[in-house]
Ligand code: 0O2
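For reference, the chain that follows is the form predicted on its own, supplied as structure tokens.
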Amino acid sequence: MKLRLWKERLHPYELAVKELVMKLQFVIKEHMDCGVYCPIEKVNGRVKSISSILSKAERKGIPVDEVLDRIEDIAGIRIICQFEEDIYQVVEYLRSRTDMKVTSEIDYIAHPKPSGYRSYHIVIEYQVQTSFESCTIPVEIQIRTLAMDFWAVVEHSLQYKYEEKIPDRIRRRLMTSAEAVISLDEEMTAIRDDIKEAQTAFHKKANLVQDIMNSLGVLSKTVADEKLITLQNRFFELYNQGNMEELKQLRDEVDLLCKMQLQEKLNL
């Protein structure tokens, strides 16, 4: 298959990755805007390079003309969570979505690979509409914690360096570090509620501050400088004090001023 044709055949995979990353990132934004904890920490995606696809096909004995039908991880999404429990919440969430269909699942957390690798793999079918066709694309989604991801990236790099023949001395160290990852995730779970409470409080304050700053920006075009400076000084004072209740009162006050200014313009 010519290089140009390969690139064309991969366009739907690229579109699927872009759409899914955007949708899942928006899930994070929705949670943040509402001031609630999101089980998804971050999302990224990729489409395998042509050389990687052909290399995998060769390793697995897949004919070139059957590659797109038989390799399910050409398009890949990685979802990173803070806690192990979050992974299973994300799995349930993906199962419930109507814009994708889960076709297979492998739980490498409950059943780690011999190397120590732990992650949750889901393969979905996702429909895309390009300029020329509508097609259903298989996408592999890997869901793991931050600690699991760090270990997996290191292990992948070593597999690449040693051409999947990692020396025993390094394998032993990888297994030891995999056990350390399990311990780290367990420790993080033990203080999960405290971490979630702190993060939720932070996001609520950040949203509140943003609302006030946006309103002050609107008022800067209409109210007298003296009034604006008074409001800004009050805002900075309350922000430094961390007084959430009075910040909420200030937000309501500047919101009311914005509405009054708008009403005056409409009455002119």
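None of these values were measured; they are calculated from a predicted model. One rule holds for the numbers: they count along the sequence shown, beginning at 1.
Same protein, other form: the form predicted together with this ligand, not shown, and the subject of what follows.
Consider the chain as shown here, without its partner, and state which of Arg192, Arg173, Arg95, Lys113 has a heavy atom within 4.5 Å of this ligand in the model of the complex.
Exactly one residue meets the criterion: Lys113.
Identify, from the list Gln89, Gln159, Gln127, Thr103, the residue with a heavy atom within 4.5 Å of this ligand in the model of the complex.
Spelling it out, the residue with a heavy atom inside the cut-off is Gln159.
With a cut-off of 4.5 Å between heavy atoms, is Glu84 one of the residues that contacts this ligand in the model of the complex?
Although this ligand is absent here, Glu84 would stay clear of it in the model of the complex, with no heavy atoms inside 4.5 Å.
According to a 4.5 angstroms non-hydrogen atom cut-off, is Lys42 in contact with this ligand in the model of the complex?
No.
With the cut-off set at 4.5 Å between non-hydrogen atoms, does Lys227 touch this ligand in the model of the complex?
No, Lys227 sits far enough from this ligand in the model of the complex that none of its heavy atoms falls within 4.5 Å.
Does the 4.5 Å heavy atom contact test between Ala152 and this ligand in the model of the complex come out positive?
Answer yes; at least one heavy atom of Ala152 falls within 4.5 Å of this ligand in the model of the complex.
Heavy atoms within 4.5 Å of this ligand in the model of the complex: which of the stretches 199 to 207, 32 to 40, 215 to 223, 51 to 59 has them?
Contact criterion met by 51 to 59 only.
Going through 64 to 95 from first to last, which residues have a non-hydrogen atom within 4.5 Å of this ligand in the model of the complex?
Heavy-atom contacts within 4.5 Å come from Asp73, Arg78.
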